[in-house]
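Just the one chain here, the form predicted alone, laid out as structure tokens.
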């Protein structure tokens, strides 16, 4: 069952009403917190298996948001066959909350700005997007991660689901060293689209949002593909392609597709990588590459052995080489650190690895229109 805004409220998962604490013990500190949700590690009493319990408030700012939570559950169900989407284990409901019991990946610790950082081996790919050169992703790394992201998104798109908030903070790693596999998380903004009804909403994170969202045009699977183009740019360069000094400048950069493809930004990166990004950062959504077209792009078929012998992106013009291991066996030590659609991270992104940080909450349609008119 889908409403006119692309929200799905019919789910398969049985919602349990027996006491959550009869089945699970909460352990350790919180894994993450937002305005309307908190994530805690829990252990299933009968099996000893660790999970992440996401406690979501049903009422937010005086509004009944139970339908939003059911939509998130329905999206997780639609992608349950993908190994690259976080897995849903169980659902509980109390008088005030719905609890999603999710795949858990380790532990996080609080940091000075009120957010959380990973203390285990995995965490967000965001962490390595802003890492020093010797720890940053190589192009070989990005090819491997991009393939997995595309395969996860393909599963969503095959079910007519669009994520609408693909960004480094919502892509987690099973391990950082050696590089593990990804999990796509945070489906609070996701919508179902079809050929019968149009979905038009202002949703997303400013730097990653597609032009059609700013223009209040119909959302489609192509909307996610734009975000993947931005995400790939960030993973390869450590820079945010559209970020301006102010939100107005960011929106104008997106609307005008102002992208820097210069050698200064893409030093040591292959031409095929740039071509891949250019096939996605196209204003007309009908002309963007689809997820299936991306999966057959020649960049993803580059000689990985050759690339693995190269130094990190910013050092590929030196004579030093470093080999990397083949694809590791996926680890279970992954950290579930969601960003909440009702309360995105604070601060602003700046171009460059050493100043890359979280974004501001997405403004209203009126604010966007006001800022774009001038």
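Positions refer to the first chain, counted from 1. It should be emphasised that the depicted structure is a prediction, and the values quoted were computed from it without experimental measurement. Here, rigid core means the biggest group of C-alpha atoms that superpose within 1.5 Å across both forms.
Not on display, but discussed next: the form predicted together with a small molecule.
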Task: Selected contact from 86, 213, 228, 273, since only one has a non-hydrogen atom within 4.5 angstroms of the small molecule in the model of the complex - done: 86
Task: Heavy atom within 4.5 Å of the small molecule in the model of the complex - the one residue of 104, 164, 143, 254 that qualifies - done: 104
- [ ] Please check if residue 52 has a heavy atom lying within 4.5 Å of any heavy atom of the small molecule in the model of the complex.
- [x] yes
Task: residue 33: touches the small molecule in the model of the complex, heavy atom cutoff 4.5 angstroms - done: yes
TODO: Indicate whether the small molecule has at least one heavy atom within 4.5 Å of a heavy atom of residue 186 in the model of the complex.
DONE: yes
TODO: Answer yes if any heavy atom of residue 42 is within 4.5 Å of a heavy atom of the small molecule in the model of the complex; otherwise answer no.
DONE: no
Task: the small molecule in the model of the complex reached by all of 136, 138 and 277, non-hydrogen atom within 4.5 Å - done: no
Task: Segment assignment from 286 to 294, 215 to 223, 245 to 253, 165 to 173: heavy atom within 4.5 Å of the small molecule in the model of the complex - done: 165 to 173
- [ ] Examine residue 37 after superposing the rigid core and state whether its CA is displaced by 2 Å or more between this form and the one not shown.
- [x] yes
